[in-house]
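The data below hold one chain only, encoded as structure tokens and taken in the form predicted alone.
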């Protein structure tokens, strides 16, 4: 009986490993495609038929344009251009711990107003009907927070002038505050925290490399 159970356990473990190995790249590819498609959602007035999305790897060492296929997994920033090569906006990822798991979002940034102009939830497993993606994104008042959320930099351009923060529903007084949803405060705060963390880190780098990004959509890498 012990040998039989051991054999069954070994076979079961092997099957689990094989399934994970087979499905993992498929899942990652679907997530990548969903992310790239969401880029156009977070930048207002974009015509997906004529706009161009360019993937970049941006960090303290420099800005690197990525090929559409090779190295696409390195991308942490997406620039969107119109058919004339004008920069329409930049999309960045954000994440923070929610009630049950990490809430992952994608947000659009407009350098002209130094503000966040769109946001979509890529993943949220928080309580259905309260903090899940469908409930949050269908709350028009909550989503209005992200049409012109201030993300202006401080004078030295090393950080945000004012941290993005969630406040109790109905108490928002400043353009960098997120008016939380009553009953979904934890999820609302997670989204605001993720945006703040990402913006504090990435927007000073975006601003530093903005002349290259503005030049046009088809030029080379900068390191």
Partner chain sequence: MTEKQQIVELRTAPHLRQAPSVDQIMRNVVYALLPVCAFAVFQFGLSALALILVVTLACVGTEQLFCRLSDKPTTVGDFSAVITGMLLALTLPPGFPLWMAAVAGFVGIALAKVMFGGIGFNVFNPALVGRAFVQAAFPVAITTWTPAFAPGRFTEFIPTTWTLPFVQPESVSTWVKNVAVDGFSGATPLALQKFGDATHAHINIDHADLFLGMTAGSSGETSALLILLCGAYLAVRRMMDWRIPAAMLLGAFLTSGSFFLLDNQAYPTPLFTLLSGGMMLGAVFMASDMVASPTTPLGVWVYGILIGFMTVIIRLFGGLPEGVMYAILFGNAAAPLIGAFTQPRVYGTGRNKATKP
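Residue numbers count along the first chain shown, from 1. These numbers were taken from a predicted model, which means no experiment stands behind them.
In what follows, reference is made to the form predicted together with its partner chain, a form of this protein that is not presented.
- If you check its partner chain in the model of the complex, you find a heavy atom from every one of 99, 167 and 189 within 4.5 Å.
- Taking 152, 130, 148, 143 one by one, only a single residue has any non-hydrogen atom within 4.5 Å of its partner chain in the model of the complex, and it is 130.
- 171 is the sole member of 158, 171, 50, 45 with a non-hydrogen atom within 4.5 Å of its partner chain in the model of the complex.
- Residue 185 belongs to the set of residues with a heavy atom inside 4.5 Å of its partner chain in the model of the complex.
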